[in-house]
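First, one chain by itself: the form predicted alone, in structure tokens.
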Amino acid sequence: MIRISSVSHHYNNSVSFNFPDWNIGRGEQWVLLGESGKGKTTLLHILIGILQPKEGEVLILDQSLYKLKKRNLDKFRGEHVGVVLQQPHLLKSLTVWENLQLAQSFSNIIDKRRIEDVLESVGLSEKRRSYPQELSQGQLQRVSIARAVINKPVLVVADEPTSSLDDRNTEKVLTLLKRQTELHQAALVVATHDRRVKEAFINQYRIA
């Protein structure tokens, strides 16, 4: 379903990365590991379609990402890829509900029932009218997960999603990520330095 092959990238002809080929099946859950400076973030950006590699190919649902024109690539990413970042980056002027509705607009679908269902599944129904600054860090990450899965993507990518969380909230976030992706058989890729996260996954992709 998702494949990267012969992918490499370099910056200013100095720092270069060559990534092992990777095949990710529907519903599979992976952790992406590697020391700082080895290219984890670069690979994530390539995988989600925001950084074109110098060489190689990325396919999602048999579509080669970087053969799409920019507008079509943006639309494809909005429909098929969900992203959870270290910091949620929600719009502070919008409520939780409005942030999710904005995410839906990227796929040209507004489905109020879907928003209700996702908020309920992450335990935030009562926070639908709250603004980001009114939420705890753990709640913000739950909203971020809700936003990532709102369009029923085939791939959810999380970049250090637990780095600012204590053990209790780390366990909650990992459980939610796994449960939400399992609901729609989406693939999950989590990049991390966090030992707590590494131990929660069987499938590991390591950058040496």
Partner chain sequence: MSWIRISWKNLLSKKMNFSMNVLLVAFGTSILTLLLLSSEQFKSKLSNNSRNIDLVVGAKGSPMQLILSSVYYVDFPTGNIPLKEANKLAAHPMVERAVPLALGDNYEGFRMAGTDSNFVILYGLELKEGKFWKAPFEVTVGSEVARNQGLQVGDVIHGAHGLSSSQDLHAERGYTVTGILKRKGNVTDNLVLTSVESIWNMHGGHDEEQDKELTALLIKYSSPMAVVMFPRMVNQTTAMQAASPAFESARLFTLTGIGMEVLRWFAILIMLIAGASIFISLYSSLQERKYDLAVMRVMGSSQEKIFLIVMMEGVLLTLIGSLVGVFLGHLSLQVVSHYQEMGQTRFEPWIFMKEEFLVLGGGLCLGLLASAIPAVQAYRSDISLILATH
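Residue numbers count along the first chain shown, from 1. The shown structure was predicted, so the numbers you read here are calculated from the model rather than taken from an experiment.
Heads up, the form predicted in complex with the partner chain isn't pictured, but that's what we're talking about next.
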item	value
Interface residue in the predicted bound form among 51, 59, 165, 183, criterion: non-hydrogen atom within 4.5 angstroms of the partner chain	51
Contact check for 71, 75 and 147 against the partner chain in the predicted bound form, heavy atom at 4.5 Å	yes
Option from 135 to 143, 43 to 51, 30 to 38, 168 to 176 whose residues, in the predicted bound form, bring a heavy atom within 4.5 Å of the partner chain	43 to 51
Contact flag, residue 130 vs the partner chain in the predicted bound form, heavy atom cut 4.5 Å	no
Close approach of residue 116 to the partner chain in the predicted bound form, 4.5 Å, heavy atom	no
Distance check, residue 103 to the partner chain in the predicted bound form, heavy atom within 4.5 Å	yes
Heavy atom of residue 98 within 4.5 Å of the partner chain in the predicted bound form	yes
